[in-house]
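So this first bit is one chain, no partners, the form predicted alone, shown in C-alpha cells.
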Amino acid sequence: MATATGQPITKHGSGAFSNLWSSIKQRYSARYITRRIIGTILVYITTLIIIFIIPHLMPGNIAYQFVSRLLAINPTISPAKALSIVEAEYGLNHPLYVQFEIYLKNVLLTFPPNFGNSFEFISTPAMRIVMRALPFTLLLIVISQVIAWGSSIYLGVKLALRKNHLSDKVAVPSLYMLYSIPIFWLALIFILIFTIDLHLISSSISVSAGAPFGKVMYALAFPIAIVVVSTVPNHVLIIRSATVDFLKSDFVMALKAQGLKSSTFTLKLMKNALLPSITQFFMQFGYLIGGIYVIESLFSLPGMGTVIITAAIEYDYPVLEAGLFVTSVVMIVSNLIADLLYPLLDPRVSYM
C-alpha cells in the first residue's frame, strides 16, 4: 500500500522492530551469540553439579535428624528399623551416583525443576517454599537499588564536576572506607546505634509471607536503609570515575560550546552515567544477593536468605538445593544480560 505520492506506508511498530533488529545485527555476531549461549549452558550444568555436591559434603547423616520423630510416633520399632525407613522414604538408601542421576532427571526434565519435598516441612515441595520467599527478596532488592541508583547518579556526577575540590577529596576516601565495610558488620553497627543506644528503630519486626503491604514495607525500612548505605559507595565511585573520563571527551567540549544551562549540562552527564552503572549492577549482582541474604537472616525476614540458611542448619537438602538453584539461575541470567545489554546501550561497543 502506498500514499498518493507513491511512498510506501510502513507501520510504526514494524519499523521500530526492524530498527532494533538491524541494531542487534550490527553489534553482535552469530558466532559470539552462539559461544556465549554455549558457555552459559556449561556454567548452568556445572552449577547443578555443585549444588548437588555441597549438601552432601555436610557432616553427618540427614536420616538421623528424623529418626527421633519417627520413634516418637511409633515407639515400638527399633532405632535401626526407623533409620532404614527414613532412608528409604527420602531416597537416601541409594548409592550417591543413583541419587545424582535422580536429581538430574528431576531438575533437567521437569518444569519447574523438582527438588522433592522438604525434609523439615513434610509433604511441602521445596520449590514452593523457595518461590514463596523469592518475591520478598526481590522487593528488597528493587526498592533498595532504586534508591541507591537515584542518589548515586546525582552524587557521582556532582563529585566528578567538583574533582580536586575539598568536598571531592573528603568524599572519595570516605566512600572507599564505607565500601570496604562488610554488610553484616554495617548492619550490626546500625542495630547498635539506632536500636540499642538511641532506641529509634526496632530490629525485630515480625512479618510473614502474605502480610499486608504496609506492614511488609515497615519491616523492610531498616534493612533497606542498610542495603542502600552499603551499595551506594560502589555506585557513586563508578559513576564518578566514568563521568571524569567523559568530561575529557570532545563531545563534552561541544556541549560546553553550546552554552547550555548548568542544569541541562548536568542532566546530560547523568544520562551518560547510567551506562556503566547499569552494567556494574548486573556484574555485582552476586555480591548484592549475598549481602541481602545475610540481612534477611539477621532480621529474620521471610526471604530467600532466611530460607537457605535455615535449610542448611536443619539439613533440609531439597530446600537448600532449590534455594541455591534459584540464586544461581538469577546470577547466571544477570551476568548474561550485562554482557549482551551493553552494546545496545553504548553504540561504541560491539561484539563482532
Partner chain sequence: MTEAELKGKNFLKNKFRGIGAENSMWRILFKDGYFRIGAGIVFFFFVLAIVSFFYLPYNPVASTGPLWSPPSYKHWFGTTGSGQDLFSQWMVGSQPTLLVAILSAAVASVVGVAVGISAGYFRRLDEPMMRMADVFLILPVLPLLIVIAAFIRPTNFTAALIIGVFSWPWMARSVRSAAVSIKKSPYIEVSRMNGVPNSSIMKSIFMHTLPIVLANAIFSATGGILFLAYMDYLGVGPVTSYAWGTTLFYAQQANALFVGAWWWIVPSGISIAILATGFSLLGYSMENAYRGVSSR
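Under this definition, the rigid core comprises the largest set of C-alpha atoms superposing within 1.5 Å between the forms. This one's a predicted model, so the numbers in the text were calculated from it and none came from an experiment. Numbering follows the first chain given and starts at 1.
Beyond the structure shown, there is the form predicted in complex with its partner chain, which is absent from this document and is the topic of what follows.
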Could you work out which of L192, A80, V98, A88 is the residue within 4.5 angstroms of its partner chain in the model of the complex, going by heavy atoms? L192
Could you tell me which of 169-177, 143-151, 109-117, 130-138 sits within 4.5 Å of its partner chain in the model of the complex, going by non-hydrogen atoms? 169-177
Mind checking whether each of T46, L320 and I332 has a heavy atom within 4.5 Å of its partner chain in the model of the complex? yes
P182 versus its partner chain, in the model of the complex: is there a non-hydrogen atom within 4.5 Å? yes
Quick one: is T306 in contact with its partner chain in the model of the complex, heavy atoms, 4.5 Å cut-off? no
Any chance L92 has a heavy atom within 4.5 Å of its partner chain in the model of the complex? no
Is M217 one of the residues lying within 4.5 Å of its partner chain in the model of the complex, judged by heavy atom distances? no
Stretch 312-334 - residues with a heavy atom within 4.5 Å of its partner chain in the model of the complex: A312, I313, Y315, Y317, L320, L324, T327, S328, M331, I332
Relative to the superposed rigid core, does the CA atom of F222 travel 2 Å or more between the shown form and the other one? no
With both forms fit on the core, is the shift of the CA atom of V294 between the shown form and the other one 2 Å or larger? no
Would you tell me if W149 moves between the shown form and the other one by 2 Å or more at its C-alpha, with the rigid core held superposed? no
